[in-house]
Structures are given as C-alpha cells and as structure tokens.
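Form predicted alone, single chain, as structure tokens, below.
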C-alpha cells in the first residue's frame, strides 16, 4: 500500500486551502435529491482507485440494490469487493450471504463495536461511509443521537481512517443539527437555492473545516454519470 498522509478528494480542490488529514470525521447534509449518495459513491471510488480500502454501511438500501446503483451510475466495484478492498455492511440483519450487518442499530455498543472490528480488519488508509445516519436517527431521541454520534466519532477516530456520515436535511430538530456539527471536523451542505428556467440548480457549500481555511461560498454543481458531482469552481471568477 502506498503511503497516503492526507485524504485525496478532487471535488474539494480549490475550495479547501490545504489537504485534509486522515483521522477526521465528515458530515454531509442535503435535501432529498441533491446528490448525497452520489457524493458518497464518488468519495468511495476516489479511495478505491487510490488503493485505499472502504467500508460502506448501507442504512437505507439493501446492499444488492446499492451495488446496482453503483453500476448504473457508471462505477464498477465488483473487482474491489472480490479483492476485499470494499466491504459493504447493512444496519439490520442481512438476508444476503456474506454481508456483514449490525443487528440492532439502536444498540450503541453493538453499532460502534461492529464498525470498530471491521475498521481494524481493513487495510489502511480506510474510508468509512454511513449512508445514512438519518435512518439510524429514528432509533434515538435528538439528545441521545447527538451523544451517540460524539461517542462513535471519538472511538472510531483512528490513524489512517476518515469517516463520512450522510444526513437528510430537515428531518432532525435544528438544535440537534447544531449539536451534531460539533462532532465533525468537516461539514458540507448540498441544497437547491433557486430555480433557473424551471430547472433546480444544485449548490454545494462547505460551512465548517477545522484547522484549515476554506471558501464558504456556495458553488453550483451538476451530476454526471461516471463522474459524480462536478463543481463549477470558476463560478465567481467569470
């Protein structure tokens, strides 16, 4: 495995001043249909293509459907699964042979223990994606969810590991979202700010990064098959 000291993710190049290290936790919030899962697919493929390992916890969709979603979007993942570089996990008892699962997502200890065991087994660097934490949140009160996320991020923050958690915006109390943001080193929003010609314009905005400077302005983006999110980084210079 090549030595990788920082997380490489071209989507943020030019928006974030310096490279982001491993041992960080990322929060991605977005309205329905803004491209959260596409962002997660892109983050996954960015790691796999660089020789990193990936753990993808599917909370909303069965793994068999998730594999189809990757493929239909133009991302070929079968070789990475076969090589043990990509590990899918479900947040409920899986009916599919060979898929790891968390039997009870409302059990904080089990949730963290299963992920910790898998992280220890995977080669480093390793990217851990939870798609999405909103599905996990139904098992907790807002206060308990905030406590659970802080505990999860504290215990799973390890050398050579970066974690990305997805949230559907508007489904949790706003006070809870503020509390959750404090558990993350990187916070990114995807949203629809306006319509142009009847077509919704997606925007991405980085609103928090610890320890480095970044551009907090919203940047328009499109979604392209085989690529993912394509951000218009020259938007403000034209």
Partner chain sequence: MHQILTGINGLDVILCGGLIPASAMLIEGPPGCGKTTLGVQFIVNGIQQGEPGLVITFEQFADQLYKDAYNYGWDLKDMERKKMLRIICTSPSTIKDHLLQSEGIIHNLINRMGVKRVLIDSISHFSRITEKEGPLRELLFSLINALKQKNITVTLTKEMGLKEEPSFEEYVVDSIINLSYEHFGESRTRTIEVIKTRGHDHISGKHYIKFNTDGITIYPRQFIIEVDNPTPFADYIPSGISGLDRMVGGGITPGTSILLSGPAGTGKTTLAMQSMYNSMVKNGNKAVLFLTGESPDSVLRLASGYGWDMQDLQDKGLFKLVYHDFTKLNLEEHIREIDLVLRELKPAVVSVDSLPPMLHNLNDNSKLITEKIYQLNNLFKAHRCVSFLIVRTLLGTDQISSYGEEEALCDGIVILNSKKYGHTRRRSIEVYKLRNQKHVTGECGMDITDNGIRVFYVGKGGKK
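Residue numbers count along the first chain shown, from 1. As the structure is a computational prediction, the values presented were derived from the model and not from experiment.
The form predicted together with the partner chain exists for this protein as well; it is not shown, and the discussion that follows is about that form.
In plain terms, the part of the chain that comes close to the partner chain in the predicted complex, with a heavy atom within 4.5 Å, is 104-112 out of 104-112, 124-132, 77-85, 160-168. Put simply, residue 155 is close to the partner chain in the predicted complex: some heavy atom of it is within 4.5 Å.
Contact annotation for residue 72: none of its heavy atoms lies within 4.5 Å of the partner chain in the predicted complex. Taking the partner from the other structure, the partner chain in the predicted complex has no heavy atom within 4.5 Å of any heavy atom of residue 147. Though the partner is left out of this view, residue 141 does not reach within 4.5 Å of the partner chain in the predicted complex, counting heavy atoms only.
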